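One chain comes next, on its own, written as structure tokens: the form predicted alone.
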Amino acid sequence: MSTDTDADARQQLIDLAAEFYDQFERGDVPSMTLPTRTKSNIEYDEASDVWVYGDRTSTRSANSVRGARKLLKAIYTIEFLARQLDEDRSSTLRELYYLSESWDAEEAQFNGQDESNKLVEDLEIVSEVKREDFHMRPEESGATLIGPLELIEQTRRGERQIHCQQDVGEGGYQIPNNPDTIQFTDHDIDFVLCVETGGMRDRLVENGFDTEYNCLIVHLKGQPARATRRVTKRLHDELDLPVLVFTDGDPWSYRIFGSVAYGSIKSAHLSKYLATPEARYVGIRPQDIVEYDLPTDPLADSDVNALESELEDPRFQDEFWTEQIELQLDIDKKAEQQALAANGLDFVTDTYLPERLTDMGVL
């Protein structure tokens, strides 16, 4: 089922290829200019509260054998993606890597999946089209949501109208690879709660937290996939809903919050589509470890290094995070969400979350 978005994405790809031919016609050496994709060229934009690329650029040019091979691979990939859109087909990033084995020019074949993944990201950047609009899929993330939300999903079998409580099982509604194919039609949601772990997500659903508090529970499945972050941003922007992120109490989980709220370095070119700067942290705090005497594990050296790094990270430069991170380094402990069960299976839904959300003005 081709759409106007498909046609626009295909045209952007054709325009990229046409630019190479125009360079040939002018007698120029074909080239493609991209932002320098290094950590030193990623900037935290305080105005928008997201990660963006800086001003430095690099050029892929055919004036060297290595550069010519990169452009050849780009041309073959553009041709494949344009044909895929024309035929209304889709493929995974993994399939693209293997498909290149059948390309007639051996120099156009990828040496590994990292190379093909980076090339797709390059094409996203120069075309300003998301890979989902190229019909490129990651491997399944399986992230889900459950709560009082009605939506329409565009599928190959036509439109599906779904209520994300009444029409789904306990597993919830699986977020599609491209959340822009769904339309929110109605809801009774008061806030969105993004949950790191499957165990805690299941506890909230079993205890009826989504029903009692008109909450949409989004399972992040650890570091959230792009589709998960995209749907979270849409829920906030289009439905004007508060977004809360509920994670474990360790530096890696704080970065999960950071990726939802401020974007990630790897996807800096997509921050305006994926990041929700207004998201707020409701996860396990070092302060909770002390106040609730939670079961803990000692910090590993890698945890300490990560926490010290976060003290310098622009995403965590405020009084709350400074206090909490310094406290965690002082007590030398970390705790999981499920540690709240030490106070009973209902503690998280009867006490912990209601109290935290009330303090934050959400309830």
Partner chain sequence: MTSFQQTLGEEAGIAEELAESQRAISIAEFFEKNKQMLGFDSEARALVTAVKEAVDNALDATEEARIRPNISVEITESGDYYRLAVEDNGPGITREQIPKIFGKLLYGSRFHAREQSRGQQGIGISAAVLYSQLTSGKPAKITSRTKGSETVMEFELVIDTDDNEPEIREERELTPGESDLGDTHGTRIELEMAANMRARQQLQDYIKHTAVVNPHATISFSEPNQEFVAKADYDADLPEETEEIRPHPHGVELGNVLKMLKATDSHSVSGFLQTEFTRVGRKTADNIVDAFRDRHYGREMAWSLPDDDGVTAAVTEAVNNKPAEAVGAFADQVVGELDDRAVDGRVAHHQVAAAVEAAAEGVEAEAQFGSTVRENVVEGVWAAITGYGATSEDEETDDGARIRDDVRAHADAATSVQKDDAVVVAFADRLAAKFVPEAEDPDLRRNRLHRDTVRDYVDRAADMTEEREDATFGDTARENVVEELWGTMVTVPDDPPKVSDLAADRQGVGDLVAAMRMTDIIAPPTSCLSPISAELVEAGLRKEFDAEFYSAATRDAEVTAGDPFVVEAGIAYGGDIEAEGQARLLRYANRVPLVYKRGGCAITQVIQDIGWRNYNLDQPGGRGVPNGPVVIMVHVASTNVPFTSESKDAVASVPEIEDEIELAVREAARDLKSYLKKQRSMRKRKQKQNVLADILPRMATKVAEVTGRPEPNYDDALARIMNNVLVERETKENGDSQTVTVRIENNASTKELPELTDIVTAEPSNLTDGASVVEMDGEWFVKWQPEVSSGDEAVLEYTVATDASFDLSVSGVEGPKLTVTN
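So that the term is clear: the rigid core is the largest set of C-alpha atoms that superpose within 1.5 Å between two forms. Positions refer to the first chain, counted from 1. Given the structure is predicted, the values throughout are model-derived calculations rather than measurements.
The protein also exists as the form predicted together with its partner chain; that form is not presented, and the subsequent description refers to it.
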{"query": "4.5 Å heavy atom contact with its partner chain in the model of the complex for all of Phe246, Leu311 and Glu319", "finding": "no"}
{"query": "Non-hydrogen atom contact Ile265 with its partner chain in the model of the complex at 4.5 angstroms", "finding": "no"}
{"query": "Non-hydrogen atom contact Ala18 with its partner chain in the model of the complex at 4.5 angstroms", "finding": "yes"}
{"query": "Contact test in the model of the complex: Glu107 vs its partner chain, heavy atoms, 4.5 Å", "finding": "yes"}
{"query": "Its partner chain contact at Asp332 in the model of the complex, heavy atom, 4.5 Å", "finding": "no"}
{"query": "Candidate from Ile182, Ile75, Ala225, Ile125 lying within 4.5 Å of its partner chain in the model of the complex - any heavy atom", "finding": "Ile75"}
{"query": "Contact residue in the model of the complex, from Asn63, Asn305, Thr59, Ser48 (heavy atom within 4.5 Å of its partner chain)", "finding": "Asn63"}
{"query": "One stretch from 49 to 57, 29 to 37, 322 to 330, 293 to 301 that, in the model of the complex, holds residues within 4.5 Å of its partner chain by heavy atom", "finding": "29 to 37"}
{"query": "Threshold 2 Å Cα movement between the shown form and the other one for Thr181, core superposed", "finding": "no"}
{"query": "Yes/no, Asp330 Cα shift of 2 Å or more between the shown form and the other one with rigid core fixed", "finding": "no"}
{"query": "Core-aligned C-alpha movement of Gln109 between the shown form and the other one reaching 2 Å", "finding": "yes"}
